[in-house]
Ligand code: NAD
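Below you'll find only one chain, the form predicted alone, shown as structure tokens.
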């Protein structure tokens, strides 16, 4: 199913680029996978024009009817699970079970959002003025730009496109250059589900050449971006400089702590810490990259976690848990980061090198560091790879202080059976998601997800909260004259 050439998807058809092409290589074995259209501002203009022409009529379709198309799309996701999982695995290299799970979670979101079409509620309010009624209604934005991450390419596009379409908008997706075809395959599926022409497009290319003209286009009323904090801030600046402002939804990085108290179930905490750090090769914004352990159980926990780290199955097969990183460039960046951390005094407990037996794939051994200063670059910067660090804490207050000592605030976890510690952690740790006796990751179609500080700008996706991202609220005031009845 994977093509030799990946083109734009505009107006329900494959469209060649007006620019050059670039190569996409498979992370599992470094083989050339395809040539990708290197988009230009002209390609973006074509996609936004198609979206603008389609959006108004779609916004007038009743929300329950829009939801029916989403429901058909969800059914097609399930019916084509294997083919779509193969595309995701070829592009990301993630283990087979994780690729399959991504299709299922995307279908679940389609079902959830479809059902919200029948609950597209506003409010009615009383008025202190006689003969006046007041209500609020949800109104479409128009054209939404969806800028994709590479780590979960199908879930990423589904998280943005399903609620955007339900709310009556058209979508122009910017594929991540490292996972180009997933968004096109999703577009073809939406076409098969009966989505009217022009409502969904996917453009290929590099950020400065395609992303910039997309976010600067005055016809785009919303930019939804998932990715790094640096790029998110740049997008915010670009939109702010426009003549007409647009809404900006940012779901950014994380440097997520997992706190292990001295009353924790050490085996369970070690299991959750290992999964948090290394599922999807640590390429998750919710990855557990800072493991904070009470002094009293530090040695016991370290031994338990290292035992599990050594047992992590690295590869892309059905039984594997940790796949490759997305590109050779990222692999080399991660290796340099670990090497520099060790040169600054960190102790390497596991990993820190490529797995020669899996070369030339981009597989890095699960890596654990200790003796890393809390203000070290490795402690503060999101590495987005299979690297985690262990830290000691003398007591609960010190653990909380370490957990909050970050520019990020996406997720966090604590392992304890002390209800007072649990409640204090919930109250005092600043993040968008808090997990008790579990991993740092976790989401569902009904759950709002997002963070604070450099992890986001206040919006949440998905859940019903996503409707507030992809709709505008319109207040309607109706005055009537009883004398004219």
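Residue numbers count along the first chain shown, from 1. This structure is a prediction, so every number in the text was calculated from the model and none was measured.
Just so it is clear, the following notes concern the form predicted together with the ligand, a form of the same protein that is not shown.
Undergrad: Is residue 225 part of the interface with the ligand in the predicted complex - any heavy atom within 4.5 Å?
TA: Residue-level check for residue 225: yes, a contact with the ligand.
Undergrad: If you check in the predicted complex, is residue 254 within 4.5 Å of the ligand, heavy atoms only?
TA: Looking in the predicted complex, residue contacts with the ligand include residue 254, since a heavy atom lies within 4.5 Å.
Undergrad: Determine whether any heavy atom of residue 81 comes within 4.5 Å of a heavy atom of the ligand in the predicted complex, and answer yes or no.
TA: No - in the predicted complex, heavy atoms of residue 81 and the ligand never come within 4.5 Å of each other.
Undergrad: Does residue 194 make contact with the ligand in the predicted complex, using a 4.5 Å heavy atom cut-off?
TA: It does not: once the ligand is placed as it appears in the predicted complex, residue 194 has no heavy atom within 4.5 Å of it.
Undergrad: Only one of 142, 352, 149, 315 comes within 4.5 Å of the ligand in the predicted complex by heavy atoms, so just point that one out.
TA: Spelling it out, the residue with a heavy atom inside the cut-off is 149.
Undergrad: Could you tell me which one of 395, 329, 212, 127 places a heavy atom within 4.5 Å of the ligand in the predicted complex?
TA: The residue from 395, 329, 212, 127 that makes the contact is 212.
Undergrad: Tell me the stretch among 133-141, 114-122, 263-271, 225-233 that has any heavy atom within 4.5 angstroms of the ligand in the predicted complex.
TA: So the stretch in question is 225-233.
Undergrad: Could you run down 300-334 and flag each residue that has a heavy atom within 4.5 Å of the ligand in the predicted complex?
TA: None of them.
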